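Take a look at this one chain, the form predicted on its own, written out in structure tokens.
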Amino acid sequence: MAMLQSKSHASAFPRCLLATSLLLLAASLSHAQTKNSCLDCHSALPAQLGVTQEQFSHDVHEQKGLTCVSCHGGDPSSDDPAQAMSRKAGWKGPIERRQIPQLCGSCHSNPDFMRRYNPGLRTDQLAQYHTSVHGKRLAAGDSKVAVCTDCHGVHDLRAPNDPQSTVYATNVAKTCSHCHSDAHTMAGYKIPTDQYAKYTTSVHSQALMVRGDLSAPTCTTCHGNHGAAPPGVASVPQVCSTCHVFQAQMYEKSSHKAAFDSAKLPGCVVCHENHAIAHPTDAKLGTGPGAVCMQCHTPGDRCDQAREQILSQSTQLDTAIKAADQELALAEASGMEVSEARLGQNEARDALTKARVAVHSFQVKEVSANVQAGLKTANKDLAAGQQAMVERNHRRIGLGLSLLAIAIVLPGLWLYIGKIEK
């Protein structure tokens, strides 16, 4: 029995040795395949040249199987810097800023190449960049302008749908501000550096950053991304109309369009600003703080009279809606059924919204049609609330009389029972 066990152990030993050897060989081959002397060296260098494995592991290129060689050339399998960064090994040398768009475009403009990694990714980014303000200035020799890596990052470049990407919707404005809020960088371009500060106060920023609405406008929505350019005076209404369709349709009917076009004024921006767009209110039609009409118009003229009518009608409907809301809330708190009237208030509010949109036509009849429809609904709902309160009062009176009757009957009944008992 002992001899059989000894033979068994003896035969198992070579098998273990063989398995161990195979594992070591596999590990050696794996190391040879993944060896990257670029990272071994650059992970120990200071910030500007330093790239750690942790940083590079987040890079979308690394995740797709591309390595340092894909952009820089060289031989990452060699520990000898002279060999790793030799021209013979394909080392391209330091990449200058002016070379970056063409380097990125060498892959991103090749549909056949990009189809291997992301068939749906556009391949016209470089062509668009050449049409942009940045691309044109770069071609003219201005090396300060933005190139691909300024917006997307370098060795930790993430996919645009990654919330940590520098070009994710909520990060775009901050990315643009790195240059456009820097007075030193922007010196000589005659461009203000307060766009980002203004944008953060805007209704667009509030929608994007506070409410998390990723469809809300950010810099690239209006200016473009790879083909970035400031909207021209004539194109401002077209840019705004990509989101504000109905306002644009009304603006086309207004007298402002012809006046702004002839004066070469930038349409929507005249009343709404560009980066610091505030939530529009009826106060813009007034004469106090935040008013815009009287910046151009003369008090008492035909347009001023139309302004007063439009403001008066919008205010009337707003007041009617609030009065109905208050009455219905009181009735509901009293236990009355007013859900139908509550629902009807949505129609009244929709009419007010349409009336405010119709302001862009600057035609009293357009605003009035929506206001009258809204007033009809709001007044009906107010009447429903008032009727509910009348019914509540009737019920309370009836309840009070019933309780009083009960209070009178009970003592009499008690006396009568007592008399019977005697």
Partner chain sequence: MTVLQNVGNWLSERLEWEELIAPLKKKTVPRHRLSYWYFLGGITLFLFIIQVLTGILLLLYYRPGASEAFESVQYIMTQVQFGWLIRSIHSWSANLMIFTAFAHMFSVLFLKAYRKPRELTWVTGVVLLVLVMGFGFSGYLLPWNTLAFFATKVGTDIAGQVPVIGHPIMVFLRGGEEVTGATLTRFFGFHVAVLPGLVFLLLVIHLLFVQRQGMSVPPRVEKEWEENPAARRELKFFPNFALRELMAWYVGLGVLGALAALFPWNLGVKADLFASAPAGIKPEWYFLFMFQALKLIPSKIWFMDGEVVGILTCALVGLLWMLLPFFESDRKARSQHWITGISVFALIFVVTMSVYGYVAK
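Positions refer to the first chain, counted from 1. Nothing here was measured: the structure is a model prediction, and the numbers come from that model.
Unshown form predicted together with its partner chain; subsequent notes refer to it.
- Its partner chain in the predicted bound form is approached by G335, whose closest heavy atom lies within 4.5 angstroms of it.
- Within 4.5 Å of any heavy atom of its partner chain in the predicted bound form lies no heavy atom of T201.
- Though the partner is left out of this view, L410 does reach within 4.5 Å of its partner chain in the predicted bound form, counting heavy atoms only.
- Its partner chain is not shown here, and in the predicted bound form it never comes within 4.5 Å of any heavy atom of K380.
- Looking at 353-361, 52-60, 388-396, 38-46, the stretch with residues near its partner chain in the predicted bound form, meaning non-hydrogen atoms within 4.5 angstroms, turns out to be 388-396.
- Contact with its partner chain in the predicted bound form, defined as a heavy atom within 4.5 Å, holds for exactly one of Q326, S339, Q305, N161, namely S339.
- Contacts between 398-422 and its partner chain, taken as any heavy atom within 4.5 Å in the predicted bound form, involve L399, L403, I406, V409, L410, L413, W414, Y416, I417, I420, E421.
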